[in-house]
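Only one chain is shown below, in structure tokens, and it's the form predicted on its own.
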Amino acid sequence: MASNTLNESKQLATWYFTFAFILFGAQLLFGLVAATQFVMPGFLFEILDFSVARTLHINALVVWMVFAMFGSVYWLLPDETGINTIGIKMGKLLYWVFVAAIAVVVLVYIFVQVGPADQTTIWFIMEGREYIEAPRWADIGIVVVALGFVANLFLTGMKGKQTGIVTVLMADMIAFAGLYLAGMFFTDNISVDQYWWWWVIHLWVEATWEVFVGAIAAYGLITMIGAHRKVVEMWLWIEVAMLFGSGILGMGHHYFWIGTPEYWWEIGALFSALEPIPLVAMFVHVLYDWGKTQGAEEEAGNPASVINNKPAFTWFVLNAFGNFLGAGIWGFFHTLPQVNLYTHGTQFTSAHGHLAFFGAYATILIGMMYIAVQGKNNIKVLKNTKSSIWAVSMIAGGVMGMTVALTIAGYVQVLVSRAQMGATWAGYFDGQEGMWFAQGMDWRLIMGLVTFLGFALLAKDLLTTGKNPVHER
């Protein structure tokens, strides 16, 4: 995907975006395999275990987003700092190290799958912690790559122009690299082990990633509609304060089951719901100001400015409200301890996870891919095509459909397995056999297929953008 019209930093960004998109497809593919096995347990029996398909689905999700995040930073750095990114040769080397490590890990997951219960498995097959199952050698490699990326960011940020966006990214990426370390050691006490595991899963994803999204949103709004930098950076700093505050305190809603003090329950449930608010406020404020400016320009007889990248803008707006729905609404209504007593470990959690990851992160990273495609092809105004409209509609509709189906399945589990039968093994199996639960799993699979078809259309649009004259009018 590299182009002679781009500087080296943006060329490297397109590499990251390309591999991220490949992993995005792998995530959806293995998700379909796991969803099919939930409905037809004999599917790929003794070829690919459900647990392995699920591991590949979840880990591909995390890794493709990390790749796209690195790509987003390499793309915006020259624009924000006014200089070429420093250490780009090291960045290219680390990219290939990262790609090679991920390829080896995926092959081991597929062809080895399980290992002995000793240090060999932890170091060379998988560590067994959900979301961060990567074997220890790959963990170390990821940290090395992340530290090299952080070094390039800091060297460039300190030498070039220091905008609020770059400053926030510099601070955030230290936490991004540092918090991952909390998942790299093992303790025999399951409560202590889970305590540190949640530091990675919650503080890494729900604090540092959310701050990252705020910085990318600020850059995107400036790039696409000429938003006032003071406005977006004001909300970005508010988001930093609320996310690092609410993210740290909000982590307490995970502590319900691992023996920590009870005061964490209410604190965690309350503050975890505050995380998406600043991002939504940024979009509302910026769009309100932009609308007023448009009206004033038209009244003065001047031509109104246009959104210079409509596909990206669509994904960015979807991010603001998808974040609010997935991370905020679906997160809040099942994390209150009085409710979580019944919903913990049910499909409610899966419903929240699907919509939150998609709404909070996938949307804005896809938007950044469109910004990169626009820059790579020197397109002044990038317009929507039928493929881009159908892609965003099918992907968003498919994920929302999966979320609703999983929510209904979770309701059956809560009603039957927990409330009626007291969380017994018999209750668990009765809940799994319920008609609404089974239909929920069927619809999850159907909506997953819709999402995958949307992904195919998205791939087509990203690959053909710039070759179709409709984009350049």
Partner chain sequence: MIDPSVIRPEIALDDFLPIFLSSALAMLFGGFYVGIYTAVKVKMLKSWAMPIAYLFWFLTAYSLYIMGSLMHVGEFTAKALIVSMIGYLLLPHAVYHMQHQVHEENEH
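Numbering follows the first chain given and starts at 1. Given the structure is predicted, the values throughout are model-derived calculations rather than measurements.
Heads up, the form predicted together with its partner chain isn't pictured, but that's what we're talking about next.
Enquirer: Tell me, yes or no, whether Val231 is in contact with its partner chain in the model of the complex, where a contact means a heavy atom of each within 4.5 Å.
Expert: Yes.
Enquirer: Would Gly398 show up as a contact with its partner chain in the model of the complex if we use heavy atoms at 4.5 Å?
Expert: Gly398 lies outside the contact set for its partner chain.
Enquirer: Heavy atom to heavy atom, is Ala151 within 4.5 Å of its partner chain in the model of the complex?
Expert: Answer no; every heavy atom of Ala151 is more than 4.5 Å from its partner chain in the model of the complex.
Enquirer: Indicate whether its partner chain has at least one heavy atom within 4.5 Å of a heavy atom of Gly367 in the model of the complex.
Expert: Close contact is absent here: in the model of the complex, Gly367 is far from its partner chain, nothing within 4.5 Å, heavy atoms only.
Enquirer: Out of 71-79, 96-104, 143-151, 341-349, where are the residues with a heavy atom within 4.5 Å of its partner chain in the model of the complex?
Expert: Looking at the other structure, the answer is 341-349.
Enquirer: What is the one choice in Leu155, Ile389, Leu181, Leu287 with a heavy atom within 4.5 Å of its partner chain in the model of the complex?
Expert: Contact residue from the list: Leu287.
Enquirer: Just one of Val62, Ile446, Val414, Leu29 has a heavy atom within 4.5 angstroms of its partner chain in the model of the complex, so which one?
Expert: It is Val414 that has a heavy atom within 4.5 Å of the partner.
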